[in-house]
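Shown next as structure tokens: one chain only, the form predicted alone.
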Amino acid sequence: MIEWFTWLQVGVAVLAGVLCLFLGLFGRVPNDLTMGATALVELLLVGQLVVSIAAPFAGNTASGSLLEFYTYLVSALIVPVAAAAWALIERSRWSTVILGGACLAIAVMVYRMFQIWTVQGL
């Protein structure tokens, strides 16, 4: 995996999470900014999926368990969609907080996926 892309994903997910948590705690309902931040996290995860499928063809194979890697990836792809759908249905400030929590959880998942891919002996 490409290290700078991983750090880009982690940074965007953390910024989106902090933004959503901040706005949610100050009473803002989900808006274009929070939905856009969550959509950007999802878009980067789709990029991660494409890279992880193409990387073995370029000779870059995973060091750890591919089952664990793809379990994290599929979970990370589902979480923002589910959180955004719930936020759009509920339209409360707490749903904005949930969006923030989802983005922060994805930051941890992306870092763990990077470790599985690159670090030997996991």
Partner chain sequence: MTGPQSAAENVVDGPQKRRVTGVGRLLIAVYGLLALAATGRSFVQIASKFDQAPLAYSLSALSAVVYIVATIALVRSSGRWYRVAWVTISFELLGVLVVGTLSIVDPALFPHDSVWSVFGSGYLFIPLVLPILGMMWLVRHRPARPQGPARPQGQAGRQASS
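This is a predicted model, so every value here is computed, not measured. Numbering follows the first chain given and starts at 1.
Quick note: we don't show the form predicted in complex with its partner chain, though the next part is all about it.
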message: At 4.5 Å between heavy atoms, is Gly27 in contact with its partner chain in the predicted complex?
response: yes
- prompt: Is Val79 close enough to touch its partner chain in the predicted complex, meaning at least one heavy atom pair within 4.5 Å?
  reply: yes
message: Test of understanding: in the predicted complex, would Asn60 fall inside 4.5 Å of its partner chain by heavy atoms?
response: no
query: Is there any non-hydrogen atom of Val97 lying within 4.5 Å of its partner chain in the predicted complex?
result: yes
- request: Please state whether all three residues Phe5, Asn31 and Thr34 have a non-hydrogen atom within 4.5 angstroms of its partner chain in the predicted complex.
  value: no
task: Just give me the single entry in Val46, Ala85, Ile53, Leu67 that has a non-hydrogen atom within 4.5 angstroms of its partner chain in the predicted complex.
output: Leu67
query: Heavy atom within 4.5 Å of its partner chain in the predicted complex: which residues of 48-77 qualify?
result: Leu67, Glu68, Thr71, Tyr72, Ser75
